[in-house]
Each structure stands twice: as structure tokens, then as C-alpha cells.
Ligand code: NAD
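First, one chain by itself in C-alpha cells, the form predicted on its own.
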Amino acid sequence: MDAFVYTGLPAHVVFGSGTVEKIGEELEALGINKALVLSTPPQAKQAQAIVDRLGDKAAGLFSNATMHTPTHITEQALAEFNRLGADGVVSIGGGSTIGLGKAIALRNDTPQLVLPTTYAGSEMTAIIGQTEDGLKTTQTTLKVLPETVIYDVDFTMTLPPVMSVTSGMNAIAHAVEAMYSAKANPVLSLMAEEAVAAMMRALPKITADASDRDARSDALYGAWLCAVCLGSGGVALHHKLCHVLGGTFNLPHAETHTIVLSHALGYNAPAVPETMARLARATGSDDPAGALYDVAKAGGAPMALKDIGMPEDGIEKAVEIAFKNPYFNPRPLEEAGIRAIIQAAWAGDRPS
């Protein structure tokens, strides 16, 4: 076997159904006496229920988390954190809320407990992306890695089927790129293949019956593994393009990942035969990129960037930004090829 390096990030995970019951003791284990509970506006009611559950362990609620973690929202939340005398955060939601909790921790090193309600996976990474003046930048630091994650299948049961699919595809993208990133190794590849297989089993079942608890459990398990892959692995073309598109055109995160995934994989496929073999097993298809596209489309996910707000005249701008900073990719970046996949993603074409 070839030499490799694997770094497992520290995390305390509680997985199952009804695991929210343990939130009080988990906060106590972290030394948190007054937690600021974070959410997006649509999840404020769910977050308020956590505040009520915590009683005097809750400092209050900040329910204005926003996608792509704009810095001005972070400053508002940090001011509320200080005003209320909080000493930790509880983030309930997906990537937008978890990103806000990380942004606070980046600034004051506060401990974090996360209750994911989607499959986005940010809770398992030391990566934070922030947007300022229309430009999204990312950095990696253990300061933003949540200490405790409570995976409660019950909190995903009301996630709408289409949102489940886009969130699941976002998660799958983490596992796919971990297999061929600069930090790829056999340990992550095992997790990644299992993660994609679990997700591909679950998503069609959730599309057919959103109340299928076994499918929901499979999806959350797969999302956890996908997130570990992202946290301990690396990224390449897919994530770079999604950060460019999301930050530049203010596109919704999960939908952007869903649309770009099959096209970026198709571009890299000739350079990663071992990954394609693993994905063929995980998807049950000799055309993994097409299989991912088909599952997303069958689940009602938007399949074209033009349908989620990207203007056609933004294609050239995206190509230009994508080449500004060098980054690892298993296949050399060719301007014509990158333009072609962004054009196909904009139009919603099935990857060839």
C-alpha cells in the first residue's frame, strides 16, 4: 500500500432518535452555562423550543442566520452574544446556522454544540466560509470546529423532500471530492464510498415517502460520514466552483452544489478511475455522474443555475474568478473545459 496521511478531527457525536433529550448534559459537559441558540428565520420556532427546553441554560435566541455567513450578520450575533452574557452557542439548522456559530467561535473561541436538521455537514469540519462585499472566502482552523454534535433523526423528519435531496447532494459532494483531493487516502475512501451508498439508498425513498424513518436514518448516517470526509479530507474543482458561484451571484448553497456536482465529476472522471469504480459501486451505475444527476432531478431539485438566479452573462465572470487562485484538481484546469461545464450547469444539461 502507498504511504498516506490521515488526520481524524476531534468530535463528540451523539446519534439516534430522541437524542435531543441529552442536550442539557452535553452542554454541562462542555462547561456551557448560558447558551445563545442560533437559527435562520424559518427555523426560529424550532429554535425557540430548544430555548424553552434549556430554561435557565439558555441566554437567548438569535434567529437571523443567513446563507454564506455575511460578516455583518456575524457582528450582529456577536453583539447579542456579549449583551446576553452567553458563554457558548447551540446551532440548530443547516450550513447557514452552523456557519454563524463557527464565525462567532472564530472571534471569541466559544464552545459550540450543533443540532443538524439538514445533511449539509458543516458540523464536522474546521472550515469556515464568510462573505464580505460579495466575495466569499474560506479558511481552516480548529477554532471553528464544533465540540459536540447531536444527530437526532427526529429533527430531519420534517425536512421537505426537495430540500432533503439538495442537502443530500451537497453532502455527497464532500465524499466524492475526498476520494480524489490532495489529501485522499484509503481510510477516507472507505468512508466516502459507504457515505455515497447510504445517501443513494436513502434519497429516492425520501422522495417517495418523506416519513420513511429508516431512509431518514440512512441519510443522516450518510451525511455524518460525508461530513467527516470533508473535515478530514480536501476539496477540488467542485467546491471551488460552488464557492465562486455562491459568493459572486448569491446563489443558494445546497442547490448550487446539487447542480454543479455531476458536471464537475464528469470533468474529472478521466483522471480518477479508482474513484469512478468506487462511485459505480456506491451508485449502482456505470455512469456515476449521470446517476447523481438523475436522482437529483427525480427528487425535484433544480438542475440549472439559471433557475436559481445566475445570469447567463455571469458565466465568463465565473470562469475568470475560478482561475484567479491556483488550487488542486486531479485533472488540469482548461479554460474551455471549465467554461463548458459552467455553461452546461447554467443550462441544466445532463452531464455527458
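What you see is a predicted model, and the numbers here were worked out from it, not measured in a lab. We number the residues from 1 along the sequence you see.
We do not show the form predicted together with the ligand, though everything after this point is about it.
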Checklist entry - With the partner left out of view, is Pro204 within 4.5 angstroms of the ligand in the model of the complex by any non-hydrogen atom? => result no
Next on the checklist: Is it the case that Pro326, even though its partner is missing from this view, gets within 4.5 Å of the ligand in the model of the complex, heavy atoms only?
Outcome noted: no
Item to check | Residue contact check: Lys136 to the ligand in the model of the complex, 4.5 Å heavy atom | outcome: yes
Next on the checklist: Residue-level contact is defined here as any heavy atom of the residue lying within 4.5 Å of the ligand in the model of the complex; does Gly222 satisfy this criterion?
Outcome noted: no
Checklist entry - Within 4.5 Å of the ligand in the model of the complex: all of Asn268, Val319 and Gly337, by heavy atom? => result no
Item to check | Candidate from Thr125, Ser217, Ser189, Thr110 lying within 4.5 Å of the ligand in the model of the complex - any heavy atom | outcome: Thr125
Checklist entry - Pick from Leu245, Ala282, Ala264, Leu230: which has a non-hydrogen atom within 4.5 Å of the ligand in the model of the complex? => result Leu230
Checklist entry - Can you say which of 181 to 189, 270 to 278, 206 to 214, 151 to 159 gets within 4.5 Å of the ligand in the model of the complex, counting heavy atoms only? => result 151 to 159
Item to check | Stretch 24 to 44: residues contacting the ligand in the model of the complex, 4.5 Å heavy atom cut-off | outcome: Thr40, Pro42, Gln43
